[in-house]
Structure formats: structure tokens, C-alpha cells
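Before any questions on binding or motion, here is one chain by itself as C-alpha cells, the form predicted alone.
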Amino acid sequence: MSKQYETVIGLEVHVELATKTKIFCGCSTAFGGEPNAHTCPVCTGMPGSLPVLNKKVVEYAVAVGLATNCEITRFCKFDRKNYFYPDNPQNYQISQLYLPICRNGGIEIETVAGKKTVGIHEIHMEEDAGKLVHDEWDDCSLVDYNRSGVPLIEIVSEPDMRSAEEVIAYLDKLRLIIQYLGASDCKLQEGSMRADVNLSVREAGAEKFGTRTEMKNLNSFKAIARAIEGERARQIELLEEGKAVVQETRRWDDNKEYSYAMRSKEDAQDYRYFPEPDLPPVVIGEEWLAKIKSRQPELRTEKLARYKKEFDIPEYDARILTESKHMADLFEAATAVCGKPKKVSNWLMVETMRLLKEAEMEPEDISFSPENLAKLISLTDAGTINSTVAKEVFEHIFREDTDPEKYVEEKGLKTVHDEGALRTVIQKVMEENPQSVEDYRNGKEKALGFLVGQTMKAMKGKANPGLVNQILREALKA
């Protein structure tokens, strides 16, 4: 009988904070830009330059700590983590080892198996390193220090996860919390959220953890899931063959779906940590903490409960709308203007989602105003335009944030309610389609749909479908 194995997973999640300037200097944190354009003596590690802490970094770190149920360290310090690498200009990184800003937290995740709490060991503040660009053509490596000194928080979980599904649920919950706080955009593809996976396997029922490996280079949820499955299988294979798992850092290649050993895993003593001499301790007093607490927004879990109660929309709709803070804000603002939550929800859930998918966009990329969506709903409800025209107008709202009232007026798209004009067109349609008229009179209901369609076509889609239906039935009975 083959052995059963259990996977044990802990994560180190690095999140780039949404400050306008770096953690210890006034350089821009904007993504992109010419290489080495967002730099100064501090973030390039020039001798004699001194760091000055960005207050906003501390506030974001505390906000994330509060939202993840952590204890806030009221007296915390920075430490130097020494290592020598071309992307690390000072030859050390300013981080926190001994007194991290947040400790002993946890968040609840939902999986198919039910709810579970994943513990958060600590959250600490640190600076990002630069970026190495490997030029294979010239066989050299170039360094871009634009990212050097960009503020990070590292969220270290407890080894509480047991599957790829739990890891994705945890990351998704964390991402939403941080986005709702406005602390980061958490775009994995741009590197503003990066996860390193610490994974080990052990025989089911064993008390002791197995030897863990750390996997890097994971820039999408799918890559993380594949890496977990791949590494789990690799470690089990080693154990089945009677070999030992080596504690090391591995690099995941998502194209080949395989991980490669990078270096043996370091421990804290390898970095020769010592207190950062150029920065004073950070003291978080009652008043400052109360101010940060008062600014905490409504998070997704509370929003979900409120939407179902206040707007009476189904659980499924509420989940989709709150999956993105931007979408949730849009929903609330449009509802505040027109007072029709279910209709706003329908436009966002159906047409908006369809157009986002077609354009390969994310909900964060939506640029139309809630006022224009609310105006479109009002125009449709008043019967000024029909549903076919409304969809056409919405595409312009989605792409160019067009004012629907002006667009309808300029293009002459208002619904025709003039019975006389409709009767004239219907008479012509019936004369041109005698077979369909006969089919309907012989009991073929489908023929009516065809005649309605022909009338709408003749009216360039601007007729009131209900009225067309009503007049057609009368004319066909005559």
C-alpha cells in the first residue's frame, strides 16, 4: 500500500506599497520609466547619504496589520540585512528582523472544504532591491535601480496551508484586503505583489515537518498553483526513492513547468543582521494609531453582507461586484445617482464583463463614469430608448465615457412611439412578406417574431418593441 503524504505550505508575500515616493528618499515609485531615471544618492547607496523614513509607509503597514488582525508593535526598529548582489546598491538591505511592525495575526479563508484561519506570523517593512536585466545578445547583465528603495511590506504566514487551493484563497483574500485599503494595486504581472512559496511534505499523520524548499519567480496565481503541484510531486518522488529533500531556494520555470535549484537556503545568521544605525526607532502612539484606525475603509466581507441587505441583490452578484474595489465603487456611485441597484448590477455583471473580456481588460481599468451609466438606465426606464439601442450606446460609454443623453440626441436614436408612423411601416412589411403573414394566420407563432424583426429593421431599431408587437397582432387579425 502506497504512503499518503500531506503538503505543508507557508508563504512570504512581498507587496509594493502605493506611496508616491520611495521608503527612504524622495524619488518617484512610478512603474516603468527610463532605466535609472528615478534615482538619487540615497537609493543608489552612495557613501555619506542618509535614509529618512517615509511616514506613509508606516501608516500603510499598520493599516494592513489592523485589517489582518495583527498586534501592532508600538516600538519597532529597522535592521540591516547584509548581502552582496549587483541589484543591492548599499550591499545591505534595510529591513526588520527583531521588532517587525505587525505580529500574530490571521485571516479567514473559504475553500470547498469550508472556512479556515491562516495565521500571519509577522509583517515587516523593508526596501526593494533594483532589477537585473539579463541581455543574452551581448551576454551581460544590466542594473536598473528605479525599483531600488521602493517600499515593501513582507507578509509572512504560518505554515498553515495544505493545498494549492488554500494558497490561492489566502492570496486572493490578502490581495483584496490590500486593494480595498488602497495600500497597493497588487498587480502580480507588474511585480507589485510577489509570493515566495515555502513547501514541504510529510507522511500523513506525522507530527514533524519535512525539509522545506522555497520557490521564487511566481508572477501569477496559475503559476503558483502549478509550482505547488510540481514541487509537491518532486519531493514525494525523492522520498519514495529513499533520497533526502535538500533545503534550498528554487526558481520556477512556468514554461517548462519545472523548478531549478538556485542556492542553498540561508538562515538569519547568514545575513549578519544588526540594528540599522542611521534610523531612529519608530514609536506608534495612541493618537497616531487611533487616526489610522479611523481611516480604515469597509472591507470586502462587510461590503458583501451590506450589499445583500441594503440593495437586495443576490449573493452571486454581490460577490462579483465586490471582487474589485473599483467595480464596487462604481456600483455604489451609479446606484446613488439613479436609485436602481439591480439594474446597475445587471449592466456591470453582463455588458461590462463581456466588454472587459473582449478587450482583455481588468475591472480596475474601467474608465467610464457612474453618472453616464445611471443616465443610460434612466433613458431605458423612461422608454426614451429601447434595449437594443441601449446596448449600442453602452459600448460608446464603455470605450469613450460618452454622455448617453447627448449621444442619443445627436444620433436620433430615440424610440418612435408614433402609432401612425408605425402602422404605415407595419403595413409595408406585411405587404412585402405575404408568406409570413399567411404562416402566422395558420397558427405559426414564430412568423410573428420574423415580422417584428423586419419592422424593427425598417425602423433602424428605434421602435418600441412592445408597441410594434401590439400593432402587428391587431393588423394580422384584421
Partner chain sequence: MELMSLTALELGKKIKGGEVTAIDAVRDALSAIEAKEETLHSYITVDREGALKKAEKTQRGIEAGELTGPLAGVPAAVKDNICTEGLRTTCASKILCNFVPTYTAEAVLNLEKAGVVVLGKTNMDEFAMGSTTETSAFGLTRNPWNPEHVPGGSSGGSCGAVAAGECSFALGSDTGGSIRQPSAFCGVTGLKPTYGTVSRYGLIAYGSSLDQIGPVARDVADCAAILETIASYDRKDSTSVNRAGVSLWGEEGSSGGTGADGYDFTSALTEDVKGLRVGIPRDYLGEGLDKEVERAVFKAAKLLENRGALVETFDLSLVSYAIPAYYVIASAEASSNLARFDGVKYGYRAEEYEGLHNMYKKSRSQGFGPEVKRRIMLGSFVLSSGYYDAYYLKALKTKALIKKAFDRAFAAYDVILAPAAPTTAPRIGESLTDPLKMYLGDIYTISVNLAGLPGISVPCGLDSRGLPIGLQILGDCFQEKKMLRAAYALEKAQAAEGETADAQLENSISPDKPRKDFRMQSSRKCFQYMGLGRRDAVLE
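Numbering follows the first chain given and starts at 1. As the structure is a prediction and not an experimental result, all values here were calculated from the model.
What comes next is about the form predicted in complex with its partner chain, which is not displayed.
A.B. asks: Can any non-hydrogen atom of Ala305 be found within 4.5 angstroms of its partner chain in the predicted complex?
C.D. replies: Result no; Ala305 lies far from its partner chain in the predicted complex.
A.B. asks: Would Pro41 count as touching its partner chain in the predicted complex under a 4.5 Å heavy atom rule?
C.D. replies: Heavy-atom contact with its partner chain at 4.5 Å: present for Pro41.
A.B. asks: Quick one: does Gly182 come within 4.5 Å of its partner chain in the predicted complex, counting heavy atoms only?
C.D. replies: Contact with its partner chain, no.
A.B. asks: Is Gly45 close enough to touch its partner chain in the predicted complex, meaning at least one heavy atom pair within 4.5 Å?
C.D. replies: Yes - in the predicted complex, heavy atoms of Gly45 and its partner chain come within 4.5 Å of each other.
A.B. asks: Can you work out which of Phe221, Tyr273, Phe209, Tyr258 has a heavy atom no more than 4.5 Å from its partner chain in the predicted complex?
C.D. replies: The residue from Phe221, Tyr273, Phe209, Tyr258 that makes the contact is Tyr273.
A.B. asks: Could you tell me which one of Ala336, Val133, Leu279, Leu355 places a heavy atom within 4.5 Å of its partner chain in the predicted complex?
C.D. replies: Flagged contact: Leu279.
A.B. asks: Look at the candidate spot formed by Lys55, Arg80 and Trp288 and say whether its partner chain comes within 4.5 Å of a heavy atom in all three of them in the predicted complex.
C.D. replies: Yes, because Lys55, Arg80 and Trp288 each have a heavy atom that approaches its partner chain to within 4.5 Å in the predicted complex.
A.B. asks: Based on heavy atom distances of 4.5 Å or less, which listed stretch (234 to 242, 381 to 389, 106 to 114, 280 to 288) is in contact with its partner chain in the predicted complex?
C.D. replies: Looking at the partner contacts, the answer comes out as 280 to 288.
A.B. asks: Heavy atom within 4.5 Å of its partner chain in the predicted complex: which residues of 91 to 105 qualify?
C.D. replies: Asn91, Tyr92, Tyr98, in sequence order.
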